[in-house]
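Taking the form predicted alone, here's one chain by itself in structure tokens.
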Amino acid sequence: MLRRAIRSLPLYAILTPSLILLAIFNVAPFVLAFAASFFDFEIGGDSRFVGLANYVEYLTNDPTLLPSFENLLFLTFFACLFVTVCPLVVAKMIFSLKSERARYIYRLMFLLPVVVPGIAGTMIWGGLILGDSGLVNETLRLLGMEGRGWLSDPQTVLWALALIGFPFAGGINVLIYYAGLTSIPDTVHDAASMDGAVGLRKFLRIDVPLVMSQVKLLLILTIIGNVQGFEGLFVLTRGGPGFKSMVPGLWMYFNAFSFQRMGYASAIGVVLFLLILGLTVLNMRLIRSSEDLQAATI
């Protein structure tokens, strides 16, 4: 065993710089934020130990707690629904093309939007599509209907935010599903054809179960992105009107940099971390990957 450990030393030496950087830029910030959540302080000012007071205040007295988590649940539900349906359907259509050249061209076309920064795309949606004189309202006026402020109306703001990115099939998601479809052995396709599984039946019975690893991956990434993300909401609505589009991540940002309550914001961040951890574990346990399904059939 000692000889094996000595032989592994070069490998550990190669990994050490990456582990050090990971600890400095990923682990250390979380540890510092967790420690800061037990204090009441602002940047450059004195700190005061308050124990669990920040957590108690957020979980019992914060007026944004329930509305923000309801909004987060609404937006995350639709994001997960879209990411498990739209990119997979598009990837299947590309995979079904007979010409390899056509497959390459379509994959490239769906990947092109990646070069546009996400915040730029969000601003385009807010101004040119959902704005007072945007595409949606101008189309409604052409049809003889009245436009409305989609992002300023409490009844439509969440729906408008959820539909940003339509048709939800651009970027990396399509390629991830496409890679999953290409990894399905030809023998599986041949066996499905011999059993009469074609078209939609084959897609639901064969393709979907065998890309569950990709579904699980994208669901985890989508959940993490929605719980952490607030940039688009900050640019478009600032959580308004009222608290109708407020989410916990945006409220954490406001407390940290607008209200100068860094300890309180750190407590919100820890709560979001625990939420992400719980949802990730739940996802890993409830959704079976393609490898699990294949092992169950053996």
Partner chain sequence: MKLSTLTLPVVFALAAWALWPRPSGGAAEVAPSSNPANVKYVIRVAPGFYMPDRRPMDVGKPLQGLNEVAADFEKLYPDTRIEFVDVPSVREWVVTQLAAGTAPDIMNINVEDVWQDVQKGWYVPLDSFLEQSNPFVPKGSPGSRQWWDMFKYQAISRGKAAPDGKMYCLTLDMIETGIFYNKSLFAKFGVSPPKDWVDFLRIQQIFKDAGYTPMLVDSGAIADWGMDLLFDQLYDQLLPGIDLSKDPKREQYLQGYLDWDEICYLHGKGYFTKDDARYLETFRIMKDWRRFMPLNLSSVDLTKEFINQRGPMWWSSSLSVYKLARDPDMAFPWGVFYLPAIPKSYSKYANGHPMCVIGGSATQLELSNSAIQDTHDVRTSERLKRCVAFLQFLCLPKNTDRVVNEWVALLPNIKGVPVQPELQPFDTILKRQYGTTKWMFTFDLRFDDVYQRMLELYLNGGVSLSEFVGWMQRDIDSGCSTVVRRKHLDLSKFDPVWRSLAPERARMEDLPHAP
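Positions refer to the first chain, counted from 1. All values reported here derive from a predicted model rather than from experimental measurement.
Another form exists, predicted together with the partner chain; not displayed. Remarks below refer to it.
A.B. asks: 148, 202, 103, 92: which sits within 4.5 Å of the partner chain in the predicted bound form by any heavy atom?
C.D. replies: If I apply the 4.5 Å criterion carefully, the residue I get is 148.
A.B. asks: Among 225, 154, 117, 167, which has any heavy atom within 4.5 Å of the partner chain in the predicted bound form?
C.D. replies: Contact residue from the list: 154.
A.B. asks: So in the predicted bound form, are 122, 248 and 279 all sitting within 4.5 Å of the partner chain, heavy atoms only?
C.D. replies: No, none of the three is in contact.
A.B. asks: Against the partner chain in the predicted bound form, would residue 260 count as a contact residue? Criterion: heavy atoms within 4.5 Å.
C.D. replies: Because a heavy atom of residue 260 falls inside 4.5 Å of the partner chain in the predicted bound form, the answer is yes.
A.B. asks: Contact between residue 230 and the partner chain in the predicted bound form at 4.5 Å, heavy atoms?
C.D. replies: Residue 230 lies outside the contact set for the partner chain.
A.B. asks: Verify the contact flag for residue 190: yes if a non-hydrogen atom of it lies within 4.5 Å of a non-hydrogen atom of the partner chain in the predicted bound form, no if not.
C.D. replies: No, residue 190 stays farther than 4.5 Å from the partner chain in the predicted bound form.
A.B. asks: With the cut-off set at 4.5 Å between non-hydrogen atoms, does residue 84 touch the partner chain in the predicted bound form?
C.D. replies: Residue 84: no, not in contact with the partner chain in the predicted bound form.
A.B. asks: Going by heavy atoms within 4.5 Å, which of 105 to 113, 132 to 140, 179 to 187, 73 to 81 lines up against the partner chain in the predicted bound form?
C.D. replies: That would be stretch 132 to 140.
A.B. asks: Can you name the residues of 160 to 189 that have a heavy atom within 4.5 Å of the partner chain in the predicted bound form?
C.D. replies: Heavy-atom contacts to the partner chain in the predicted bound form: nothing from 160 to 189.
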